[in-house]
Structure formats: structure tokens, C-alpha cells
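Taking the form predicted on its own, here's one chain by itself in C-alpha cells.
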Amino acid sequence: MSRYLFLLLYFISFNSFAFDYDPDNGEEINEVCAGCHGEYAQGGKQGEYPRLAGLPASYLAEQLKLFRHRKRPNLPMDQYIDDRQMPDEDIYDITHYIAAIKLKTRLPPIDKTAPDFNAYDRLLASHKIMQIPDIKGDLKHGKKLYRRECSNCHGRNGFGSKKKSIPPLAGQYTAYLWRQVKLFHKKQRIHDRDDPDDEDLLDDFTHKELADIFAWLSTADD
């Protein structure tokens, strides 16, 4: 079976089978995931572990299935995603739990003299802030390239599409994005499951063009 047919059959079968969502189970599973991806699925180590919070549940489930079937090689994940460690019901719960996490990019203004001000609540809120560091590049050029080449799938401002199960690029660690580009070049990841002919798309970009796109993306969620 080709990898493209496998992806299509999986996507149809998994998403057509309805599980009853158990948020408590999702939260419990997330305690394991948090060891690498953070308590709020914000990722860590500047992109060694990617941000997962807010990604489409169907996209996350698809990636877990790819890890399970070794269609997307990832040694750190292997020990967590076999049928016994993480059955399909658990995949459903954890992906919906993570997809529902919302990370702000900045804290709202406060009045410390207000009677309802709570310093501890403010501290907890600060832990849910996700701000990707800006990187150097030609932002104008990167925005133009992104809008022309990437926005049709990943959205005009890089926030992806839950309806189409397409992940956001804005708000994702730049180091992680670069690592995925290398995997796409090596054909170790599939760029678009619905368009096998699109697999060479990233080969058409120069390093500088990608650097400019990523520079703009690093500002897109500011």
C-alpha cells in the first residue's frame, strides 16, 4: 500500500468513527506529554519539542498514527504510541484536549490597585503566554512569498485551518520549522497528503526565501 493511500484510508476511518470525548482522560495523558511538550503543550527547548496547543485535533491524530506505523520516523515517540500504550480512544481524547488549549501571545494590561487583582492568577496566566522570538530576514519579501505560495493552505496569516486539518505555521518555533523542511527535502515527511505531486514544492525555495518566510511568520502572531 502506498503511503498516500494509507493516509487517505486512515484519515477517513479515524474521523468517521466517533468516540465519546473524555477531557479528564485527555488531561491525564497530557501529563505524560508535558514531559517534552510542556504543561500547556507549548513545546520547549526553542523548538526541539514543537508547540502542539491549538493544532487541529484531526491533524494531531494523523501524526500520532504516522508515528505508530513508522510512516513518520520519530524515536522519542515510539515508546508512547503503540496500540497498547495509546489506543485510538486515547488518541481521540489527547488530541481534542490539546487542540482546545489556547495560548495568548501577550498578557492583558492590569491595574495592581484594583480590588480584584490577584498576583498568583497573574503568574499562572503568564505561564500560558506563547511568543516566538522574531528572527532576522526580509519581512516584506517573506510576507509576499508566503501569501503567494503558502496562504492557500495555511491561511492568509499563517493560522492554518481546523476544517481542512492544516496546522498553523505562525506561533510555531522557527527551529522546528527548519527541521521539518529538512525532513520534507529528504522525503521523510509528507507535505500534502491530498496532493502527492506537491511533494517537491519546498525544493523550489532557496534558503534565503525560506528564511524570509520564517522571519515574517515569527511576527505573524504578535
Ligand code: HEC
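Residues carry their position along the shown sequence, with the first being 1. Just so you know, these numbers come straight off a predicted model, no measurement behind them.
As for the form predicted together with this ligand, it is not shown, yet the points below apply to it.
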Candidate stretches 120-128, 133-141, 107-115, 94-102 - the one whose heavy atoms come within 4.5 Å of this ligand in the predicted complex: 94-102
Residue contact check: Q180 to this ligand in the predicted complex, 4.5 Å heavy atom: yes
Y21 within 4.5 Å of this ligand in the predicted complex, heavy atoms: no
4.5 angstroms heavy atom contact with this ligand in the predicted complex for Y176: yes
Heavy atom of E149 within 4.5 Å of this ligand in the predicted complex: yes
Contacts with this ligand in the predicted complex, stretch 131-166 (heavy atom within 4.5 Å): E149, C150, C153, H154, I166
